[in-house]
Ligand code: ATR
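Single chain ahead, written as structure tokens, the form predicted alone.
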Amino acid sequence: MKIDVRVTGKTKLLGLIGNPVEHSISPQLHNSLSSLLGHDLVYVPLKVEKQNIGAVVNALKRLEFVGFNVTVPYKREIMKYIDENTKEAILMGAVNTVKNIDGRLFGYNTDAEGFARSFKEESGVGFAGKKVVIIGAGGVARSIAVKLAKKGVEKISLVNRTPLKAVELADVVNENIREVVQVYNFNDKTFMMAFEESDIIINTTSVGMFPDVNNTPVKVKNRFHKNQIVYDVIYNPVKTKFLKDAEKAGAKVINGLGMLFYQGISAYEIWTGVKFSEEDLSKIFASFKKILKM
């Protein structure tokens, strides 16, 4: 029998809290990074019910976790349990990365940077002067909207099932960065016009994620066209129905794997202080993409 020596009494812990977490491939990414760098760290996913968030966060602090990620639906809720959130995280209204520093928890948002880097590298296109549709108004939508406003987009057309949340998000961006966000209703004819005129369409909701693979956040498959870039933050399945509909119309489609990868890289750098070279990142990402093809 071969003795497994990967985990010892000196091993430090990283984690992921959310619900669900069964689909996540963050453990494969972070544990691979630790193995590559020779760090004695283990990353574990933790499914957490809403009523237990406070107790779980306190436990992670007491157990001296080096840090942890936060995924849906707790990226905003988690902020009240963090000792200090960065100014950017506060503006974005969401925390997805937490670091334990001497018993105090610090909250960061690496989603927006992960999205921006992924989009640019996979599409070869920047954001300046572009018309963008964002579907959803949750934590990811807000972080992306803030980033896009800073990157110089011409317009953000925002649509969400709950109009009030969309209006709140629009106010944050329009009042703190610049007036660039306009809110629409799914059933508005003007939204259909904005959808067709957009250069970039981004789904930030969990609609269409495994196992709900036959669903789509917006029933406009005949409104896509070949000049659009359509991005879905979901990466499981590799191509959601939303992306398949867009691809059939000739649009360029990108899933959320790159966003997950680059936000994860940023999180790992925050936790450990390491900096990856572009060459290393290219090799790691190439290996990481194979996970979904296994």
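Predicted, not measured: the structure shown is a model, and the values here were computed from it. Heads up: residue numbers just count along the shown sequence, starting at 1.
Just so it is clear, the following notes concern the form predicted in complex with the named molecule, a form of the same protein that is not shown.
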(request) Determine whether any heavy atom of L105 comes within 4.5 Å of a heavy atom of the named molecule in the predicted bound form, and answer yes or no. (result) no
(message) If we define contact as a non-hydrogen atom of the residue within 4.5 angstroms of the partner, is T162 a contact of the named molecule in the predicted bound form?
(response) yes
(request) Flag S198 as yes or no: does it have a non-hydrogen atom within 4.5 angstroms of any non-hydrogen atom of the named molecule in the predicted bound form? (result) no
(message) Does any part of T205 reach within 4.5 Å of the named molecule in the predicted bound form? Heavy atoms only, please.
(response) yes
(request) Name the single residue among V133, A112, A137, A170 that comes within 4.5 Å of the named molecule in the predicted bound form, judging by heavy atoms. (result) A137
(request) Sort through 188 to 196, 137 to 145, 172 to 180, 79 to 87 and report the only stretch with a non-hydrogen atom within 4.5 Å of the named molecule in the predicted bound form. (result) 137 to 145
